[in-house]
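In structure tokens, one chain follows: the form predicted on its own.
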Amino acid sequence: MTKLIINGYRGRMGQALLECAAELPDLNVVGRVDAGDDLGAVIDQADAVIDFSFHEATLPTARLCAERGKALVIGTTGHDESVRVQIAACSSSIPMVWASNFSTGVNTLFWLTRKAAEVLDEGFDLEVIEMHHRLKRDAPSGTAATLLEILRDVRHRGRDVVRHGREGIVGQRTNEEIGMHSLRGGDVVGDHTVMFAADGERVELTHKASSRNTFANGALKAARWAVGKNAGLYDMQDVLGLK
């Protein structure tokens, strides 16, 4: 039996995690915390903490997990680079699964995006489009940022090539740029498309989520997998055996 604490249980993902965990007999949620609650008061009861809170809460959560020797699964997004480095440093003490998206389908999209970018040469222009519900606070989404990093890595591009939307007389598209477009509206759970466009043809890889339970079940799988692993920084590609 894996004992879990859900950090950020009042949010949409927190509620999905509680709902899905209740259906899994090998998981036991021993603690629910959110803003204003004391994680330290309950953390010793758990094997792992799943963090879907707010980006400002992730670093203190990671430090507490490292101090108490608890596995940590992070699904929160929106951290700046300096904070990301500090969070990642905690993985020297504990197993940490940090992913921008816990869906099996999205992680397959990550894998396919890398393969497509390796096959489709410089003649293909790269664009990333994502859409989420009107209440999402950060843009682009963490998943879209991961897709962008995959494309940059394969094409050996720096951060300066990213074009966040276009407005006015911006001139013709350069061969080096990668477009990033964030759409917000309604109750969309999460849509992501990677477009490879060349003269005479276009390849589009798309994933559409209609339920947060796909992400919740993936995060629960990650927590179960992380308990007992060696200290280190992992992602869902590790959990799913895609590396």
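Bear in mind the structure is a predicted one, so any value in this text is a computation, not a measurement. Residue indices: 1-based, along the sequence shown.
We do not show the form predicted together with nicotinamide-adenine-dinucleotide, though everything after this point is about it.
In the predicted bound form, nicotinamide-adenine-dinucleotide sits within 4.5 Å of a heavy atom belonging to residue 77. For residue 138, a non-hydrogen atom is located within 4.5 Å of nicotinamide-adenine-dinucleotide in the predicted bound form, even though that partner is not displayed. In the predicted bound form, at least one heavy atom of residue 100 sits within 4.5 Å of nicotinamide-adenine-dinucleotide.
Residue contact with nicotinamide-adenine-dinucleotide in the predicted bound form: residue 13 places a heavy atom within 4.5 Å of it. This chain is displayed without nicotinamide-adenine-dinucleotide, yet in the predicted bound form the stretch 49-57 from 176-184, 23-31, 193-201, 49-57 comes within 4.5 Å of it by heavy atoms.
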